[in-house]
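In the form predicted on its own, a lone chain appears below as structure tokens.
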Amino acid sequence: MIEARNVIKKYGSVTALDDFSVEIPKGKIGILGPNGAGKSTFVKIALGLITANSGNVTVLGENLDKNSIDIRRKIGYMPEHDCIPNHLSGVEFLIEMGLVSGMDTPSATQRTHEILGHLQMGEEKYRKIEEYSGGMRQKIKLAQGLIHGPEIIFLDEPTSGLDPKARHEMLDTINGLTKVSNTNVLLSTHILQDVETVCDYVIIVNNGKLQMKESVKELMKKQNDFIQVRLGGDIDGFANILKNKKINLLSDGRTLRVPYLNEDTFQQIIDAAVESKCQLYEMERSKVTMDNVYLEVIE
């Protein structure tokens, strides 16, 4: 779907993408990374909004430098920033966007009502956008990215600022895009659970380089459960005792995570706490989530 080869992008002395290469398959793909990791730069290059210093990016098999207009007809984009016209109704705005993309008025009108129906906008679609809630504004931003029937849509923080109900509705909608409109999705977000909920693949970027590309389901299958441990005292001594038993700890800066091997792991933690004279405040078995995987990759 998208292929990057040896892409370098610099902003002055700062290297945003450092010999970045990745092949992104079709489906629903999540791209994760801390602030400044390079994921936004990669998305902007893939959209054709900026150019790389060197390297090459193709989208749907097309080279953006050579076929910019043709490929843009196949791409949709839902921006993070609220840049929609408040003075128009939802219907008026979408028809306008359809006309801009080259559709005639009857086709744009029909497509508008199809999309807004799928998004369950109801009679709200006839109200001015300035009257919309945060969830409704996100829906209309998504709708404008779908109006021309793109083969791929880039979603930039689509659940940002939404309440739990609106967030659930948005994720359900994204989940159905590949089924309803056969649209592939590239989801850029900092909310790790969103990727775990809707995406087929996850891509993690850090320091301008690809750190991981993996099927979400296969990734979670490979991970073991862990025991979350919180203690006080000689934590380094506690960690060294477990390391001598071939048990490596992970830490997110607040708690320790001990890989769960079997029920004996609990006793090993207790024995290490006693030997290191640490106070054991918490010891709870937890399931691995995308948050845990993400922390392991970027640390």
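Start at 1 with the first residue shown and count on from there. Keep in mind the model is a prediction, meaning the values are calculated, not measured.
Just so you know, the form predicted together with a small molecule exists too; it's not on screen, but the next bit is about it.
- Contact annotation: the small molecule lies within 4.5 Å of heavy atoms from the stretch 34 to 42 in the model of the complex, the single such stretch among 54 to 62, 235 to 243, 267 to 275, 34 to 42.
- For the chain shown alone, Ala16 is a contact residue for the small molecule in the model of the complex, at least one non-hydrogen atom being within 4.5 angstroms.
- Taking non-hydrogen atoms only, Tyr11 approaches the small molecule to within 4.5 angstroms in the model of the complex.
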